[in-house]
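Here you get one chain, nothing else, as structure tokens; it is the form predicted alone.
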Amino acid sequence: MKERAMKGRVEFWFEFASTYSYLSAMRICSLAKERSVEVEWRPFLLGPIFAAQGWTTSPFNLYPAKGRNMWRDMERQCATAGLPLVQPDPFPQISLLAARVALLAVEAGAGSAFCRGVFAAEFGEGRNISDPQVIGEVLAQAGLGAELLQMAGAPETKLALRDQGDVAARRGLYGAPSFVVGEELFWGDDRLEQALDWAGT
């Protein structure tokens, strides 16, 4: 049977250190398919955006009460979704390497598999995603070669990630996950369905 044509497209902006990006990454594919919406995976770093707001770390660390509630909320959300949850140590994780490799994985046509694998390793197993060995294992699971690890250190890859961050700032992104449909910005995992519905109309 011929597949339905895609109705629209949503840009999925995520940060690997973001807990709620984990929730969105693990469910966006099936939800988008139901609506015939194409997903563009857009990894970026929240650090520079937080720094511009005067934050030196995650707001969940800056405001302990908010952090405690977030982790409890994550427990509830993951239980409902049937997802494992392990709080990585340290939190937030250093996601620079994973984000650079993710850009290359997206170019190679395996962005979804790689990115979901990183999130699963980090929040499902509590592994350190700044460890090249962990990223190498995720690459293999996604059917990608280890050469992407070396390519992640190339000047053009570093520049591509910085450019990605500049685009995010120009779009007015201030957190992750964020979803962009045309000129519309939706923020937060709880806005995923709304963004997809908007794209599918």
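Position 1 is the first residue in the sequence shown; the rest follow in order. All values derive from a computational prediction rather than experimental measurement.
What follows is about the form predicted together with a further copy of the same chain, which we do not show.
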Inset, instruction - Find out whether any non-hydrogen atom of Gln194 is located within 4.5 angstroms of a further copy of the same chain in the predicted bound form, and reply yes or no. - result: yes
Inset, instruction - Using the partner position in the predicted bound form, report whether Gln77 sits within 4.5 Å of a further copy of the same chain, counting heavy atoms only. - result: yes
Inset, instruction - Check whether Trp41 has any heavy atom within 4.5 Å of a heavy atom of a further copy of the same chain in the predicted bound form, and answer yes or no. - result: no
Legend entry - Heavy atom of Lys66 within 4.5 Å of a further copy of the same chain in the predicted bound form: yes
Inset, instruction - Spot the stretch among 169-177, 30-38, 154-162, 140-148 with residues whose non-hydrogen atoms come within 4.5 Å of a further copy of the same chain in the predicted bound form. - result: 169-177
Legend entry - Members of 158-192 lying within 4.5 angstroms of a further copy of the same chain, judged by heavy atom, in the predicted bound form: Gly172, Tyr174, Glu184, Leu185, Phe186, Trp187, Asp190, Arg191
